[in-house]
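The data below hold one chain only, encoded as structure tokens and taken in the form predicted alone.
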């Protein structure tokens, strides 16, 4: 019998487990703990479950990205004899579509919480000690004055958009990713500060809706951290559609005028330009310093991160932390797995977070996805690796969709023949990357992938064909036989 169950029987605490934050990691932790027989409270600052991801993040953004993709695909078919005409955009209805999607999911989560007897408490939480939390604005709490005691706690408070200093944040025309999703208007000229995943996804949405987009990125490539070749097809496509893409450039200041925001640029590009709105998407910062965790004895770094071990325990053994607040990568699917681990450890199970890899996806157009060791990391670390790359220009499925700019790249350890990384650029790359993640987790060799029969014609068969390129059995491409150097890449012509 675990300590938490014993404390519930003794009635020493109000709850066996209190989870602070109801994002994907938080609600997963709460539901798993309840399924294991623990009495659980779930605290959330938003009125509905789901946290940032569901309410103002990844879910509503994907709804808008879908709308943008429909607009782009319809326009692209005009070249092939099918014309739908210029789209008429009703922002109110589009906003309702996004909000109704969020509503359906939050209602579903509330129903699952009720069936599991997880008590939802709405309000802002702060630790009062190693076994206590106060909730400002809580509703429905059985504890008096918002004071709650717990045997164990799971911190899942996530992160928030990083605000650049010196910008006029009081002006509603200056947006972060949350306010950008509100779709108050379609600006004629939109500046996106930050060429990472979030900034580029929102740029895709607004460009499809009719905005002229300018992107500024401090680094030398868009989507820093991803292999440069993965990003090139996206860069080429959006460079033709956007007003400008400025790399190795920063915005030094933004001035407020009556009819516009005035941005000043410095670096590889310098100048002054006017914009109707400016979106700042330069990263996120963890919320570890916002819940008085130190009052409970929990270590919080100067940047707001909470260090944990492989069981998601903080330095205080009965308090756990998961998700964005424990460190990179700040991804919902990482938080979900961490939440299950924390809940299971709370229940006395021998569980630990031991994922080999965590996939990353940019839901841009085209999508960019990668998992495991990148080619850049392999080079930097001096690994003896080989690459099999299959260009989608040789994919019947990609050609049939008139989207052949993508490719699939697999990275193998030459000494073992096992896959250690993968990258995919193209339509639905985010759906395809999971097979590569599973292959890495299972320790697959190139032949395991190439000899697995994939349906034809599909985009997924590009994965097996990339493995065939590496092991030299590809027939859908012609690759001249020649000795390969360490770290060299095999890629064929049609």
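Note that the coordinates shown come from a computational prediction; the quantities given were computed from them, not determined experimentally. Positions refer to the first chain, counted from 1.
Not on display, but discussed next: the form predicted together with nicotinamide-adenine-dinucleotide (NAD).
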| property | result |
| --- | --- |
| is_contact(residue 98, nicotinamide-adenine-dinucleotide (NAD)) in the model of the complex, heavy atom dist at most 4.5 Å | no |
| Residue 376 within 4.5 Å of nicotinamide-adenine-dinucleotide (NAD) in the model of the complex, heavy atoms | no |
| Non-hydrogen atom contact residue 194 with nicotinamide-adenine-dinucleotide (NAD) in the model of the complex at 4.5 angstroms | yes |
| Proximity of residue 420 to nicotinamide-adenine-dinucleotide (NAD) in the model of the complex, heavy atoms at 4.5 Å | no |
| Triplet 75, 203 and 236 all within 4.5 Å of nicotinamide-adenine-dinucleotide (NAD) in the model of the complex via a heavy atom | no |
| Contact stretch among 337-345, 80-88, 243-251, 400-408 - heavy atom within 4.5 Å of nicotinamide-adenine-dinucleotide (NAD) in the model of the complex | 243-251 |
| Selected contact from 113, 282, 261, 181, since only one has a non-hydrogen atom within 4.5 angstroms of nicotinamide-adenine-dinucleotide (NAD) in the model of the complex | 282 |
| Proximity to nicotinamide-adenine-dinucleotide (NAD) in the model of the complex, single hit among 352, 218, 94, 393 (heavy atom within 4.5 Å) | 218 |
